[in-house]
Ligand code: ADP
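First, one chain by itself: the form predicted alone, in structure tokens.
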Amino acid sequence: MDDKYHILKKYFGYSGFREGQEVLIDSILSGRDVLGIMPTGAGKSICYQVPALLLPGITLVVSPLISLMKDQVQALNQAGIHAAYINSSLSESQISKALRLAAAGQYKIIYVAPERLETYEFLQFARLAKISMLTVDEAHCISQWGQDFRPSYLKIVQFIHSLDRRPVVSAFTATATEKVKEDMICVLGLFDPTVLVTGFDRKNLYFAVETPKKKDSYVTQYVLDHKDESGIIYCATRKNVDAVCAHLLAQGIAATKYHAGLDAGARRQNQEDFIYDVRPVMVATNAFGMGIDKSNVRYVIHYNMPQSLENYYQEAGRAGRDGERAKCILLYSAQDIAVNRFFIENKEPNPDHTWEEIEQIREQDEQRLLSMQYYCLTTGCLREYILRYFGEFGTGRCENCRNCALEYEETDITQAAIKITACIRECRQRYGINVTAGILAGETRAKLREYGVSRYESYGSLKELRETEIKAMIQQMLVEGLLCVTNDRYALLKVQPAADDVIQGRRQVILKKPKTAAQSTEKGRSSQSSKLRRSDILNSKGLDLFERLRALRTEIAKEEGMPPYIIFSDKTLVDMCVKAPLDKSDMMQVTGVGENKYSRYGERFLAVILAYTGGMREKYYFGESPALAGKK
């Protein structure tokens, strides 16, 4: 067996590589730099961990968060791979000891914070050690155009230049626009890298935008309806985090919270309660989550709209890391725009940036906010909208988002669009959506009288419509690029050149509105190609066996002081139920069971399966028979 396949099976328990993994691994082993842009859950870590075990020296992994390092190192050690992390959570004596052991060849993989690369002790270690590869995880942090820019990442290339021998450099991230991709290649100084973009689509995720009148009631009901599942609820402010968490706790829900206003000890304890499923619901600001490798998060709810699609997709992507179905729900309200614009206007500028760069970044932030707003307003496929934003094109309908699941009635609003355009031009593009809609509806409120808008020919030209209907039409024109708004707090409406096609009869404007509940029921929410839920795979006996295996996993996790998913993922437990292994040979065919995992836990899980099955092979699943089920 080829060495890389042997490593994959022995330590990680997989019999084959996923899309793109082998290309990157082979490039690294041939001494070539790589850049991998792969969606969350696609197995980025395998791409550098497998070659790290085959290369002769040490692999350094630069990682932005302590929690990420801890999770990764725990998982590697569980798999039988000697790894360590070096960051501020360790004492100086612990760091010195770790470096001594590393220099003596104790560790093959060492995770470090980017700031650590600048310290004298670490530089001395690096110059003497044989470093075969330097891996940059969450590499988008190196770009000022990315959503998580970290100035310390800019020092990585200086560290590489300080080494006597340049190692192979590999970089990985989940999402990146074209500009961020260019930055990663240039700023890290990648030499003729193999660049692999496997796509941004997470087919197992269901996307929805909801506009509930009472967000608290919506969130509470959703969590109660999914009380056996783990989820994250993101809020824009600390105040909202505190309020939502308190509301859930009052309903008897085992929730916890995370934001920068909590002291470090509370944040650490709350995070561990979430990871260990003591409190399976986390309410947090966006300070929480990057690098959290909790695989069984079944939903992510955004209580407020994020500032950008980059932020949203990264945060939503923390659901379903195990590849099983999960839901990403965004609760939208117009107030979210004002809150995010306040954050943008009060953003602390980087002192190293010129005034022109600061203005350019601010304008880009405003444009990102508009793209995020249009995501919330579109009636088209939500997945398609996200993919197009990142430069990828889908089929136009995914059949696994709320917009694809709803039935719509279409209204031709071309004539109304012409009147809206005429009004904006007549007013010399000086007003925002509210005033423009008021003019068209012929409203007489004080502010409009003060502006003297009744003198315009367009005043009352759409008086047969309510203001809310006119605003919906304006929003549709914004989404279609017929109009735009200025990138400032005034958000003035401006006519785009594309509007002339409408005026001259070359283009129609169609407004899609969801049919009422009396007219339509929501269609099936997921396509046949989506991953199946546990209850779709396992029959009643299989689900019973799964719960027994999960209870054993929790027991072992408590004994060893580590998250349950590091013992075995839910996906591995489901595969155990499907294959019902009765001996070691069978168990080694289960996805995610490697040699070290079997030696540590295999016999205990086999004992539960044997006790439940009585050594008899029954069918614990729906559908076609897997390879082991027919084994006599």
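The shown structure was predicted, so the numbers you read here are calculated from the model rather than taken from an experiment. Don't overthink the numbering: it's just position in the shown sequence, from 1.
Here the subject shifts to the form predicted together with ligand ADP, a form of this protein not shown in this document.
Not displayed here, ligand ADP is approached by residue 43 to within 4.5 Å at the level of heavy atoms in the predicted complex. Among heavy atoms of residue 594, none comes within 4.5 Å of ligand ADP in the predicted complex.
Ligand ADP is not drawn, but in the predicted complex it has a heavy atom within 4.5 Å of residue 321. Ligand ADP in the predicted complex is approached by residue 14, whose closest heavy atom lies within 4.5 angstroms of it. Residues of just one listed stretch (43-51, 59-67, 599-607, 577-585) have heavy atoms within 4.5 Å of ligand ADP in the predicted complex: 43-51. The candidate site formed by 268, 271 and 289 is entirely out of contact with ligand ADP in the predicted complex, as no residue has a non-hydrogen atom within 4.5 angstroms of it.
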